[in-house]
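What follows is one chain in structure tokens, specifically the form predicted on its own.
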């Protein structure tokens, strides 16, 4: 099997941690590196959380590299109100640090030059690391086979302002540098589609009943998330944004796309807003913007990869319409 070479640029984070599990447990993916950035939680704890997730599934082979500690210009505001003081639900507080001493930018540049046009980058946090690379060398990210971003909101409200999604709001200047670079083969997976990836109470209870270390981990880290969603918006369950990007890389039929030009607002009331122009995209350079999602396909894939030994139970719950 020709595996897809993958770099994940993340800020774990509850949903990032779930995305790491999905990638690490998918045999089609060669997870070459996890690069970490400050976002949901500051970069040092985020790196510990990434290592903890990889240890959970026996993937001690994956290189983990720390990147930017702060946004390029604005003051750093974490998302511990959403993800907990440790970034993963205030249950585990991982303390083991990755041993790799290379920076995230060094790792990404080295791998892209070593494997030109072969590596997919899944960027699931603020774009500080990728913007830093652009400032160092405007051409190197063009060596990526494709880059898929989880971020922004197009036709729905943001999750940290009326118009802005957290990743772009946290470091809007980096997001602007990134999209202004007009990179080829760029896809954006915004809140418009990730909002439809809701881990429901029935799904979470099904996972709890599996009683494995991974199932307990998923239940534990999402508990804080569930309480946040209820307190903020009276939603039962929790939206798990980031695994959708990994699922799309595994099954391209999960998302549909439309070409558009993305511009990022960096100041004022609309700071972090992703403004998408679907007209005359050839004039500007364009990105593929996700428009719709097959949430049933997503959850069938997500659950089967994380809990493959419980496929019979998963299918039974689906047939009974208890989880999908």
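Residue numbers count along the first chain shown, from 1. Values in this document were obtained by computation on a predicted structure and should not be read as measured data.
One more form of this protein should be noted, the form predicted in complex with a small molecule, which is absent from this view; the next part is about it.
In the model of the complex, no heavy atom of residue 49 sits within 4.5 Å of the small molecule.
Under a 4.5 angstroms non-hydrogen atom cutoff, the small molecule in the model of the complex lacks residue 274 among its neighbouring residues.
Although the partner is absent here, residue 129 lies well away from the small molecule in the model of the complex, with no heavy atom inside 4.5 Å.
Although the partner is absent from this view, residue 191 contacts the small molecule in the model of the complex, with a non-hydrogen atom inside 4.5 angstroms. Of the candidate stretches 69 to 77, 101 to 109, 133 to 141, 158 to 166, only 158 to 166 contains residues with a heavy atom within 4.5 Å of the small molecule in the model of the complex.
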